[in-house]
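Single chain ahead, by itself, as structure tokens, in the form predicted alone.
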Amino acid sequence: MTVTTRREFLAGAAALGFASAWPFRASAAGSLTAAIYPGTWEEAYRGVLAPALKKSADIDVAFDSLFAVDQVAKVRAARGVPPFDCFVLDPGPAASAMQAGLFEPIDASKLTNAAKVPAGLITSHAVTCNAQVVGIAYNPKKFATPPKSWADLFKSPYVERLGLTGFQTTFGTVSIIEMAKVFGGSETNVEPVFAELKKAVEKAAAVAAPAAMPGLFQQGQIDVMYTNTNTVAILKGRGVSIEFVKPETGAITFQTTLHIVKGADNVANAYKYMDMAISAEVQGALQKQPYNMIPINKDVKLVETLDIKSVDELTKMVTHDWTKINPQRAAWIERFNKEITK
């Protein structure tokens, strides 16, 4: 669902020459517009963050529900009339937006909770709001021993119960890159894994879109998949038999970040929104069921339903350089769809 925002109205009004008839100023205090991912993220931010911000600063949030690539495309198409004040992005789209100059610089001194965030998670143009951890998920009732490595996914008995998905998502892309590495590839060379994928697809339990994987696992149509801890926790909460495995080469982590849109009207309120997002109050609430988001505030005591024991573990996990991945990702998606999904 896409919410028609005040700014969209202003853009249309300006085009028709009567913007001055709009009764509120674009920089009116007490409001901002923030892009948000549809689904769990929107539910979480509407249910937890927005009420907390309203209570603490009397600021209303209008959410614009968009996936990351659509956020970037919308701002680029707006051409100087920012459709919202804040992005929420994964590293791939964030790198693209950064290269396109779509962010305002971040002044960390305006964030009262900045000191509660581990070093490196607030940068010149980004504020990390949550971390994601990616690895292997399996059904412990179906296997005597869990898969231990990315290579194990291509062997019996795991490959016959494996759910394959491609490069459309951040977790899918980084998982396949790590698979490529164990077969001699690299962050920018996934050629070796395509040879393995072509052999595996003949045996795999399913090849499907990323969003279909949790449902297939819950229905018992697959018993192994690569995914994030958030998905594992959600399925566990539904009573599904599922466990998370950190591969021998290490679990993958990436951060979801908030950014102020270049030319945003409500910059001061955007800082308050981001500050509330990284507060212990909001981070502590979002890590619980049904949201299961890994917090980045050091004051938050992690709940047992998450598959990490400390935020410091994130610094030891596998990360990726999206400025190198982005130029090749579209071709990888097309190739996976053509050669593997068919």
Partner chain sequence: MAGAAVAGGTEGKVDWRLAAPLGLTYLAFFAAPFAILLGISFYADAEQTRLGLDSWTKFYGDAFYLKVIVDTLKLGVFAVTATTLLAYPLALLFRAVGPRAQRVLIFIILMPLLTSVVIRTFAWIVILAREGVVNQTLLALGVTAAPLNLLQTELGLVIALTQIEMPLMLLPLLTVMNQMDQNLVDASRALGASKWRTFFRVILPLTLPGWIAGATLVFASATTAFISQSVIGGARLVYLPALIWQQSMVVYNWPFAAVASLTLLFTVLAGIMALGWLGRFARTG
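Numbering follows the first chain given and starts at 1. Everything numeric here is computed off the predicted structure, so don't read it as measured data.
Absent from the display: the form predicted in complex with the partner chain. The rest refers to it.
Residues K54, S56 and S279 are none of them found to lie within 4.5 Å of the partner chain in the predicted complex, as judged by heavy atom distances. When contacts are judged by a 4.5 Å heavy atom cut-off, A151 does not count as touching the partner chain in the predicted complex. In the predicted complex, at least one heavy atom of G220 sits within 4.5 Å of a heavy atom of the partner chain. Although the partner is absent from this view, A77 contacts the partner chain in the predicted complex, with a non-hydrogen atom inside 4.5 angstroms. Among heavy atoms of L235, none comes within 4.5 Å of the partner chain in the predicted complex. The listed set V72, V117, I177, M98 contains one residue whose heavy atoms approach the partner chain in the predicted complex to within 4.5 Å, identified as V72. Interface residue among A208, L121, L111, V133 relative to the partner chain in the predicted complex, by the heavy atom within 4.5 Å criterion: A208. Contact with the partner chain, judged by heavy atoms within 4.5 Å in the predicted complex, is confined among 227 to 235, 257 to 265, 181 to 189, 208 to 216 to 208 to 216. Contact annotation for 322 to 342: residues with any non-hydrogen atom within 4.5 angstroms of the partner chain in the predicted complex are R329, A330, I333, E334, N337, K338, I340, T341, K342, listed in sequence order.
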